[in-house]
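A single chain comes next, written as structure tokens; it is the form predicted on its own.
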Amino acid sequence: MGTILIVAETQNGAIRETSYELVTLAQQIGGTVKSVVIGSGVGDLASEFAGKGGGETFVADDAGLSNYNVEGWNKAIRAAVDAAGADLVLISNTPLGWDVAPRVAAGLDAAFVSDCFDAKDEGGKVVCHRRVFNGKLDAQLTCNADKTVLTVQPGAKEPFSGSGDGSTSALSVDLSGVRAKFVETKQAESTGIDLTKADVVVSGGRGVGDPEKFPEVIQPLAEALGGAMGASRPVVDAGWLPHAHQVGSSGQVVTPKLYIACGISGAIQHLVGMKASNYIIAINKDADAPIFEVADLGVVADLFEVVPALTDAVKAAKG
């Protein structure tokens, strides 16, 4: 593998942990690691990242990049690819990555693979691994293009915690012609649900079947245990529950004493949000569901038989 360019993200004045996960993956793949940090007043952050595995780090520091917009970031990343002579571009599979990565790949006429959880170099070609069919199968894809752009699932790798020789250099970005501009960030109204503070979280997935089953089956168990009700991303995307209930990389990261996953297959983005729980119980009729890989206790059964019985047992035990 030649040169790998890591696109580091910042949030609340710091480099996001997902960017250090990209460092781990880049070192696993092998080759020369370089990075780019984009924003305004990000010189110190770039220096920090360069010294923690980012290698030669380009600093795209411009007032026009102080807030994310897809056209500006596309230009900055393209400029960094040229400056680095990069063969492979790694971007976190975050909302920012979902937006900009396909545009970068199209502009470079590069191969593009999203949602990767692993990648390696085989004979100079990038071989990527991603889950398909709602996490039931793993796909292996070999990229034959001269350049490749990957988005990588947050949590797929441990964040790099070491140090390394790195340097920074200014990157000039021509922002002329950029039509998109940042307007404002809107914060969703609080619903009073804070899964991050719950000692017990009972979550339902697409296997619950329909939205009416959540208040009938999932919520009673959560209430009996004195906990909160969560959900997987497909449930929220379908409009069955508000986003405040979502557990995962694009929802809330929870670390309760007890996490019960009901009808959740276990896509990586969900596992990221709950795998640090103290004790995990998974209930799923699919014995091959990935959720069982992180569960302390797995129950292969129909959730509509197990969960109500468990709710009744909890109530009886509490008197």
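Start at 1 and count along the sequence shown; that's the residue number. Everything quoted here is computed from the prediction, not taken from an experiment. Take the two forms, superpose them, and find the largest set of C-alpha atoms that agree within 1.5 Å; that set is the rigid core.
One more form of this protein exists, namely the form predicted in complex with a small molecule; it is left out here, but the text below deals with it.
Student: Can you pick the one in A309, A301, A14, L297 that has a heavy atom within 4.5 Å of the small molecule in the predicted complex?
Tutor: Only one option qualifies, and that one is A301.
Student: Select from the listed residues T148, T168, S249, N74 the one whose heavy atoms reach within 4.5 Å of the small molecule in the predicted complex.
Tutor: Selected option: S249.
Student: May I ask you to state whether F112 is within 4.5 Å of the small molecule in the predicted complex, using heavy atom distances?
Tutor: Contact check for F112: no, nothing within 4.5 Å of the small molecule in the predicted complex.
Student: State yes or no: in the predicted complex, is some non-hydrogen atom of P234 no more than 4.5 angstroms from a non-hydrogen atom of the small molecule?
Tutor: Although the small molecule is absent here, P234 would touch it in the predicted complex, with heavy atoms inside 4.5 Å.
Student: Answer for D286 alone: is it within 4.5 Å of the small molecule in the predicted complex, judged on heavy atom distances?
Tutor: Flag for D286 set to yes.
Student: Residue-level question: is G155 within 4.5 Å of the small molecule in the predicted complex, judged on heavy atoms?
Tutor: No, no contact at 4.5 Å.
Student: Tell me the stretch among 178-186, 120-128, 77-85, 93-101 that has any heavy atom within 4.5 angstroms of the small molecule in the predicted complex.
Tutor: The contacting stretch is 93-101.
Student: Does S35 move its CA by 2 angstroms or more between this form and the one not shown when the core is aligned?
Tutor: No: S35 shifts by under 2 Å between this form and the one not shown.
Student: Relative to the superposed rigid core, does the CA atom of A14 travel 2 Å or more between this form and the one not shown?
Tutor: Shift at A14: below 2 Å after core fit.
Student: Rigid core superposed, CA of I283 - does it shift 2 Å or more between this form and the one not shown?
Tutor: Where the cores coincide, I283 still shows a C-alpha shift between this form and the one not shown that is 2 Å or more.
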